[in-house]
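The chain below stands alone, shown as structure tokens; this is the form predicted alone.
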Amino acid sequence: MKTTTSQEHLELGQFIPFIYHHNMLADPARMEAFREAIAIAVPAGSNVLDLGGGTGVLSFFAAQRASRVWCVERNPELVQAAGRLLSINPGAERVEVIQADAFDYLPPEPVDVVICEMLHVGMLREKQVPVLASFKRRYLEKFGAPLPLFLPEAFLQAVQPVQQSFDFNGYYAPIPSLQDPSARHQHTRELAKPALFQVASYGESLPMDCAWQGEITITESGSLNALRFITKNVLTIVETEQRSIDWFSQYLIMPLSDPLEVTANQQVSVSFAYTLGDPIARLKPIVTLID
């Protein structure tokens, strides 16, 4: 059985205080993308498993199509909230809220779709990849092939050199920060195009680590004092329309301890290594100029 330390408890997304889940429900990009993806990916009359169900909203979306949904959540406060909220929304009779650890839980019968939104930029902090890797192994042992469809289906990750203002009313504070992908960021200057460093499909073998070293060509002169990390979640692929339904996690700005003055057409070497699910502090990128 998977056990967690006190430090891991602080890092797990499901232990974010309940009040902050309002921000997730109020995020139109997140909600609209998941609603559309679930409506397309979940077959009518199917069985669905929602791992890390939170307030139950994704289970609610699934219940509009599925005949049965298991909503699995470890946090007792969220289990209670999900049960209460689902009961006042249509389709609640098709959702069973279960207090359990997603690392250990298996449904009583095979499922057609697994929804899991334990997502954070960089695949850091939250346990999306370790949870689904564990689930796939245990599911195949119990039920055999095939695996269910996963939603999201895949993720892509990129890194981008930027010049970031860390001036807060005259107080210089170069600290990590998160950005809304849909907003304009006047205090961020893009110094190069994003460089893709990782692609993974949840239906295939999942990476447990991310180690990357690559060269990026600078397109704008400036002070390279931070890297912006970008994670694109491919929620589902609509083959008949030759498109995918995507949702971007918040961007992560990671300051560099030693800023570099760069000019257009210069190249920089960027490297980092971490285990997926690590705390954000474990991400320690190194950037150097290439002569």
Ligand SMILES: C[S@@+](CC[C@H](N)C(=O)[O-])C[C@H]1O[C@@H](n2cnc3c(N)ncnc32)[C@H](O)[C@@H]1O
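Start at 1 and count along the sequence shown; that's the residue number. Small disclaimer: the values here were computed from a predicted structure and weren't measured.
Keep in mind the form predicted in complex with this ligand is missing from the figure; the text below concerns it.
Practice task
Classify L58 as contacting or not contacting this ligand in the model of the complex by the rule of any non-hydrogen atom within 4.5 angstroms, answering yes or no.
Solution key: So L58 counts as contacting this ligand.
Handout entry: 4.5 Å heavy atom contact, N75 to this ligand in the model of the complex
Key = Residue-level check for N75: yes, a contact with this ligand.
Exercise for the section: Give a yes or no for I218: in the model of the complex, does one of its heavy atoms lie within 4.5 Å of a heavy atom belonging to this ligand? Expected result: No, I218 stays farther than 4.5 Å from this ligand in the model of the complex.
Problem - Exercise: W212 in contact with this ligand in the model of the complex, heavy atom 4.5 Å - result: No, no contact at 4.5 Å.
Exercise for the section: Kindly indicate whether K136, Y139 and I237 are, all three, within 4.5 angstroms of this ligand in the model of the complex, using heavy atoms. Expected result: Checking in the model of the complex: none of K136, Y139 and I237 is within 4.5 Å of this ligand.
Practice task
Spot the stretch among 150 to 158, 164 to 172, 112 to 120, 193 to 201 with residues whose non-hydrogen atoms come within 4.5 Å of this ligand in the model of the complex.
Solution key: One stretch meets the cut-off, namely 112 to 120.
Practice task
Name the residue from R68, K232, R30, R65 that puts a heavy atom within 4.5 Å of this ligand in the model of the complex.
Solution key: Checked against the cut-off, the match is R30.
Practice task
Check each of V129, V95, A102, L124 and return the one that places a heavy atom within 4.5 angstroms of this ligand in the model of the complex.
Solution key: Only one option qualifies, and that one is A102.
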